[in-house]
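Consider the single chain below, provided in structure tokens and representing the form predicted on its own.
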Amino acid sequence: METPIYDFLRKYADSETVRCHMPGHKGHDLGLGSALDITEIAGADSLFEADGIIRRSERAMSELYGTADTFYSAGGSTLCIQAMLAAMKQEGRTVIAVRNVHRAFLNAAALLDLDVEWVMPDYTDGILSGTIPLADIGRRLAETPNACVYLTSPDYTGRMADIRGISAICRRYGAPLLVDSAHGAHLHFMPTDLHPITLGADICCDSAHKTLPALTGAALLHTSSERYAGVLRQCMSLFASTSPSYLIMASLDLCCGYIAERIRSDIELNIMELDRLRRTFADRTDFADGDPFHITLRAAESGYDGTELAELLRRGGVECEYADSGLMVLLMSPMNTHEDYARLTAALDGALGAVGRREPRSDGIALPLPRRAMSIRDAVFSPSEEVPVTEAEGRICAAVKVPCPPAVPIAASGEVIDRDCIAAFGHYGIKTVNVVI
């Protein structure tokens, strides 16, 4: 009998490829196996009614992050996003969201039938990244009673939002601030604490598996407010399996120990390596500013093609997190080693040398906000068909179909696909789109 999934995983594990992509454990053995794969037996507690061993571990994690409460998710940050939006639904709030959301946000908005008002960032690196205009946040809150604000920080390229500034605006209008910090589980433990909860967010999620030693699907839902501590777990239970993986929860438990004992020293060592790598290539390529664990090469602006560089790195034994023609993202974690950086440096040096430097070019996409014709929910649950992007002009986007990574929507469900959308689809290599019939 064929075992193609296992065979691929085994082959990749044996290849000793340098993993410049998530998960944050980078392939290191966490001591987990099938003997630990159980269900809610006596003494094992129950995730969504936790008052035993799971609750003890969650409280320890909460103390490490300095939160009012922290909850475990075995369903990734997707479950956390669903839960924090459900809490806003209970309060009847309109969601003001910065546009470069993950598609999990749109799916949750469809399930919950949420009203979403978009704030467009000042894009700097395609649709993935941009600066959030604080004045636009304030204006939208002034116009929208009983609202909340939702943003992504760090975004896919590692750019950090001005959470402290945005949270001050939110407090002025009594609006909760929700942050998708899936890429930021390590931020509380940096030399300067940059975690959203510390900076003023009311609720945020961290994908522990992205930058910490935890299994894929391990995530944390944090709140700084006792007000939400009592409702978030119930909101999580609306969407999650009643049989969450104990292996994933165990990896969070082990991660808690790692954070307490090692993470700060490992971060310090990795920051030294990251600084050294950036200095080594500073005269050959431009790096985007932001979280240091995101090595984001502005390939187009440096005279390269990101997909070409990614393929050359792959041949050199390095796998990146994401690449398109304009960017290449290498996602590191505190678990990376000196040997990893030495091999990455050699591979990147070889890749840059192999292609040579061309004329730098701007590769950004400044996508205007498409016109909305239907609600997100109505569009997602309408009959739909998949058509070539080239034939989609004037059609209404149905369920969003964008690859992950990066899973940032170009047209949101319910919006009319226009020429700008079609150009952006083409730019990111997306050939088909789901449209309402």
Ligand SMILES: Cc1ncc(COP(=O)(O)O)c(C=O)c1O
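Since the structure is predicted, the reported quantities are computational estimates derived from the model, not experimental observations. One-based numbering along the sequence shown.
There is another form of this protein, the form predicted together with the named molecule, and it is not shown here; the text below is about that form.
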Inset, instruction - Heavy atoms, 4.5 Å, the named molecule in the model of the complex: which of 308 to 316, 87 to 95, 243 to 251, 179 to 187 makes the cut? Say which one. - result: 179 to 187
Legend entry - Three-residue site Y65, I163 and H195 fully in contact with the named molecule in the model of the complex at 4.5 Å by heavy atom: no
Legend entry - Residue (of T296, S207, T223, Q82) lying close to the named molecule in the model of the complex, criterion heavy atoms within 4.5 Å: S207
Inset, instruction - Sort through R99, R159, R140, H102 and report the residue having a heavy atom within 4.5 Å of the named molecule in the model of the complex. - result: H102
Inset, instruction - Mark T285 yes when one of its heavy atoms lies within 4.5 Å of a heavy atom of the named molecule in the model of the complex, and no otherwise. - result: no
Legend entry - Contact of S302 with the named molecule in the model of the complex (heavy atom, 4.5 Å): no
Inset, instruction - Find out whether any non-hydrogen atom of N336 is located within 4.5 angstroms of the named molecule in the model of the complex, and reply yes or no. - result: no
Legend entry - Partner contact for S77 in the model of the complex: the named molecule, 4.5 angstroms, heavy atom: yes
